[in-house]
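In the block that follows, a single chain appears as structure tokens, in the form predicted on its own.
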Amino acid sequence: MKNSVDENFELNEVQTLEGHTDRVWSLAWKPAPGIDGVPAVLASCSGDRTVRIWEQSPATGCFQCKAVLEDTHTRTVRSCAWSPSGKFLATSSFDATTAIWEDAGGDFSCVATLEGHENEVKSVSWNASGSLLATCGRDKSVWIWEVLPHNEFECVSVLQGHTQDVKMVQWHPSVNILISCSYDNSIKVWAEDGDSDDWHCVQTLNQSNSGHTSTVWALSFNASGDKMVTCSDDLTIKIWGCDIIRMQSGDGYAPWMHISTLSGYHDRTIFSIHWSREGIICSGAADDAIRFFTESKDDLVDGPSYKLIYKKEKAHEMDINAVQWSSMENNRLASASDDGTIKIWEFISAPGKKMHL
């Protein structure tokens, strides 16, 4: 285990949120509306078949459970994601459905149920404009849904290409490119064919091009969208880069290239990874630990390299399934665990130290 860390940082536990009666699988911060005084809102979903909505009190700064979304999913709720506007929350479940909840001033109602997957739906993601929704599942497929008026959703493409359970789907932050990662050890990149309006796989990242050698659990993009980070059962974290200018110009697909591999930092499966707007990568794993990495400015001869800047052992009592940076405060982080709790953290510069990134 590599242990060199930057002493300029501290991770302070702010609050532990309790209420779920089973493992907590996924977290999603509600997008910031850009209005001062609007409280932070966090969604969590669990093996107890519920989704909980937590809201921060402006008076105390503490988070309280404001809503429990239940009696819709009949099995584990595996993933949750807010639409870019924050008006809708999508939740996917082992009951083979994805539910769409509308938030009307804190009152939530299920306005659509998406069916089609053969079994467990593992992940859900909205594109940047909120016009498309992607789901994936144990049935090895990725579905793309078009958001229509009056809370209607139409499946426009079923993507077959993975040979095993698909663990996560994630839209690129600015371009309609979809990334999926799977139990088959691969990451696939999907793009729309402009001529036929159909979707197809334009790139597969696997062991043959410096990819992972075991299940790929999660991925995240940096703020500018020119880099992607992935984590795996092979105990590594990998950084990928692309020519974002070419991708955004529409001149053709820009391939992702392997930049760096981080290994030796977790000694059990890395389940979750998230890249903050400030450039800090956070990882959560089955070793109950959280790690923080950032780009190293020391050696750029062979391209960007990344270094561990902070580690938190025993952040939870059991496996950490999700880590998510806040969409409102740069230094706030939430983590979720098999122990049934959610923890709110502040990642800050140590007293008397300056944060060097």
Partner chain sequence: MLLQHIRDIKDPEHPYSLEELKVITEDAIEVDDKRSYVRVTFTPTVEHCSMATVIGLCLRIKLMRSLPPRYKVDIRVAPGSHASEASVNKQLNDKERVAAALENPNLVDMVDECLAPSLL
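Keep in mind it's a predicted model, so treat the numbers as computed, not measured. Residue numbers count along the first chain shown, from 1.
Separately, the form predicted together with its partner chain exists; it is not shown, and the next lines address it.
- Taking a 4.5 Å heavy atom cutoff to its partner chain in the predicted bound form, the contact residue among 185, 170, 97, 157 is 185.
- The contact with its partner chain in the predicted bound form, taken as any heavy atom within 4.5 Å, belongs to 75 out of 87, 75, 246, 258.
- Contact check for 23, 165 and 286: all three have a heavy atom within 4.5 Å of its partner chain in the predicted bound form.
- Using a 4.5 angstroms limit between non-hydrogen atoms, residue 214 touches its partner chain in the predicted bound form.
- In the predicted bound form, at least one heavy atom of residue 122 sits within 4.5 Å of a heavy atom of its partner chain.
- Although the partner is absent here, residue 321 sits close enough that one of its heavy atoms falls within 4.5 Å of its partner chain in the predicted bound form.
- Contact check for residue 274: no non-hydrogen atom falls within 4.5 Å of its partner chain in the predicted bound form.
- Screening 103-111, 215-223, 145-153, 125-133 for residues having heavy atoms within 4.5 Å of its partner chain in the predicted bound form returns a single hit, 215-223.
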